[in-house]
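Taken one at a time, structure 1 and structure 2 that follow are two forms of one protein chain, written as structure tokens.
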Structure 1
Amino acid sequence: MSKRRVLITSALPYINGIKHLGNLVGSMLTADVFARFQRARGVETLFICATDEHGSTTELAALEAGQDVVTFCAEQHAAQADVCRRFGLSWNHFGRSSNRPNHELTQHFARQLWKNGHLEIRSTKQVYSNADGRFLPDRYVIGTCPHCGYPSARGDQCENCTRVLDPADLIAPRSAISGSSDLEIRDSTHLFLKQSQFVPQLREWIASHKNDWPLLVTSIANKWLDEGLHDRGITRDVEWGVPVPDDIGDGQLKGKVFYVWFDAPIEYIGATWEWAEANNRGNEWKSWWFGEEARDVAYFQFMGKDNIPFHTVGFPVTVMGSDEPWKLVDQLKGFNYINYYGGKFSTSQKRGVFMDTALEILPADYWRYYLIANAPEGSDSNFTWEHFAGVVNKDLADVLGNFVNRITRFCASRFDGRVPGEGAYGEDEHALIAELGKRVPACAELFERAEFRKAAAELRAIWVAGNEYLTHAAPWTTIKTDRDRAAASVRLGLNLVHIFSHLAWPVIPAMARQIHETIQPLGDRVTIPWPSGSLDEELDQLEAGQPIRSPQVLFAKITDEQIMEWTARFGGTET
């Protein structure tokens, strides 16, 4: 690998509520696994994320919670930071889009776009509530859906039938703030980003990544361009957001704030600025994002497919239009959806498994492994409790956990819990080492390409190869007639435990640490490095006489009773 720095961002979790497993695997978890892998390989890595806090949805959520929006966002950010920490997400910094750096940067980009002629003031028709004395964003208008009859549809989309709506489509529309139906349509002045001017530049940029980005990403990006890219309004009539500075629009935009989808991607840079301030690094944040200093940075973005247009069209237009040398993404990894029994996970409808409740019933690594092994890369994937239990029981309990427990317990009972030094590796040992000499680099290459399902499958295949070797070598039998032969098998088995912990660390860091410490204490080390030497050396590095310990059961199997309990608690009916 060439000398480089790796910058990683995952799509910002919206401030409104704890995220579900679909949100987790589609951005944050996969980005974390990739970040851990890069660190394990010794690459300087900066992994950045933040809560996306602005917009009308946040104002409404705070209103429903009976809180002012500042308090609501502060509490929600703390809750999300806590649950993500407990899931092992290893951000260098988890920022907030409402913080000062993002405000300053958003206004800076807007001024650049205005100066360069890429912004324009236009008048639009918008709902005005006489009772509230204000314009209402689409989501502030509620009424009956004309398609399905859902009585609480919002003016942008019906959450029941998912149809995209306009406030004028609603039957008996009313204000979400006061409940008043005293509404009228008035003119409102807004700032528009002239995206249509950038179509040739966007096509060229997207085409330059056709061999790097997944087909899912390029197809969605090109579809937006093929259907005709329209100029986009980037201001809103709400109070909670980044204010439009007075020097844009000669005072015509007073009281307006920037649209959340304009300022949210800029927070990737803003959160990096926060990281530098929090760690007394001055202007080091710029070296990751701006000009010549960022030439050695490889920038990776991770997100669900619904966010792809904003990152392949909207945000790139902001960067390109600034006419400044800001970093554009190099590798964009987009994901399909993970469904829950055939239907969508839904934050608003509380459908599916959410991160906090997931941790109430099982440790984080159970979920991490399952989600990575079933990452929705080529197509949507489907969560069921039966499938989840099957993967956990087979891969983690029967394969990895069983291997570690078998070999360490046998060593404890027959070799006094110490690595045996007698006996030389024979044909079977060298055959396994040769096999893993191919599989481990293949696994590394798949992680490097962010092909997570394939990487997890290769990881499991490595564990399986170790189990098959141990079953065939059967030291518990050979020790009766050939202690040296049994000792060699045990020594290789313990070396396998050691290397398995290194390989598993990006995916299941807590259990990898526990497995590693059956062989060697880690102390205060936070990263378990990826194997870097030859497999011959890696699989014969433990010192003879070195003490090991046998852990308790690493992965408890999920029972039929638990499946029934969780199905009843969370729902489990095919949709």
Structure 2
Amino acid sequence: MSKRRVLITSALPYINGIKHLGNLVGSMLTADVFARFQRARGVETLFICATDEHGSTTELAALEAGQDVVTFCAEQHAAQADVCRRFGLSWNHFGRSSNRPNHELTQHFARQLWKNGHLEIRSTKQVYSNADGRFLPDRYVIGTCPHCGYPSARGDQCENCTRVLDPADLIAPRSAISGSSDLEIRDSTHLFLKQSQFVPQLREWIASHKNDWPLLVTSIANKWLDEGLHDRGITRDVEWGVPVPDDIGDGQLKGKVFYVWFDAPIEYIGATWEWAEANNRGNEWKSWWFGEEARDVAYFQFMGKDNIPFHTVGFPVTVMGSDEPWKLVDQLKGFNYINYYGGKFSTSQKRGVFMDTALEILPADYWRYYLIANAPEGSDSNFTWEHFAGVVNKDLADVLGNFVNRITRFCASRFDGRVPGEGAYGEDEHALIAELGKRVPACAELFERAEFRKAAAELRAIWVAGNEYLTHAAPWTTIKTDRDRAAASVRLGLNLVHIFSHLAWPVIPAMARQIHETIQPLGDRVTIPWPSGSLDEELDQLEAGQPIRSPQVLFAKITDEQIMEWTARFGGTET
């Protein structure tokens, strides 16, 4: 088998503000853990993300912030890049959908679709606000619901009775931006992608992944196909977007831009191009995406469930309709949501925990471990401070942190802080080595399959096995009668600390470094590799006499006072 390369994209975070923990775990964090794991295994890996910047929401957010949209996006991109870096997200490149490569590629795909007859021009009725001087998206038209009488129903759907609406249905419609009721319906010409033609092809493609994609993903995809795929408008009457080129439709679409959901997934490719430009790699970006050259690439996408339709239907149609050999996703990992005390995370209501505030109160690895160990894979999961503190205190502080602490301190006090060379491994040691000989490959397999909860549970089970061993071997007892026996136990204990660092690095990279530095300096190595040798070798790596560093508390425990403080600060239990 030829050498495999792995391409990983996490769903693009929308430019409008810092994301919350649910957004983080559903796309960026799980993708990061997967990317780190692949790199740790020595696989050539390219991990790409970008901000999704276009559309009316951005325009209105910029308006509200009193900024022009270019400045707004530049600032927001920098802010997200910063907080994501501090969360340890290890993208090879974090691009922007507003950058030139995405403009070129989006226009290229549109031209291909046009050339191949998959686009058509249709006249649509759009709401125009004279006071605002712009077309309004449906949801920015507000009025009274014709079904239930709710006075603030949005033009796309009534929040009160949940019925789907058309803005023209609303009684006494007004602009959500200015409140003006000086609205009119205008004709507007748009491009439609004839998605319905692709239904058989999509069905076949999705059916081929019935066994390797999560049920969540295939069921959402099939639902869209079963309900009849509508042709979809791929242009909008807004300013901020990729312009439709004049050669499509003989200039009938002048002034229009592509719909943000058309250009956003293309930015996966665009950001790869940006990566190549930023790293002087010329056309190498294309080898990850196009034709024969990309045959050795396995492509993984990570996203929350709200993104699934666009990645199983919309974007694949763009790719298929181009009639060019661009890569389709191989493994699509979709996630549910994390709820906050049973309710949704909400920016507007200030409920829940956001990436920047999370880092204000605790280091990234606390969050990374908790979120991975409780990733919403099978269903929505529920965040509470009590549960969070319980998991962090038990798993990180007591099971992992305390293990490192107890063995290193014992070594410091009784063996002069050096790896003892005396004694040979005996029955207990070989039993543990045999157990890890099963658990470590099992853990690797779970990471490989991107089953994060189970992978984290296996990681934890490995730490527990270390504690079991140490308690049973009890070098603090044996040292009284058999110093060599105790020395062998301590030597294995230190080797365990060392391997724990290697195994935990994809999930908790900063702490893994710190743990490794306790035993051995890392220098400027960025990746801490996954153990590749037999466990016999891996657990007898440290050289006798090698000094270890003075131990320190790795994970401070979360106190009841902190839980109370944070519950009050972040919105707590009221729904």
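The first residue in the sequence of structure 1 is number 1, and each one after it adds one. We call the rigid core whatever largest set of C-alpha positions still superposes within 1.5 Å between the two forms. Just so you know, these numbers come straight off a predicted model, no measurement behind them.
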Checklist outcome for this item: Check against labels, form predicted in complex with the RNA ends up as structure 2
Item to check | between structure 1 and structure 2, rigid part of D237 equal to that of R409 | outcome: yes
Item to check | Degrees turned by the smaller rigid part between structure 1 and structure 2 | outcome: 22
Checklist entry - Once the rigid core is matched, what's the CA displacement of R174 between structure 1 and structure 2 in angstrom? => result 2.6
Checklist outcome for this item: Core-superposed C-alpha displacement of G143 between structure 1 and structure 2, in angstrom, equals 4.8
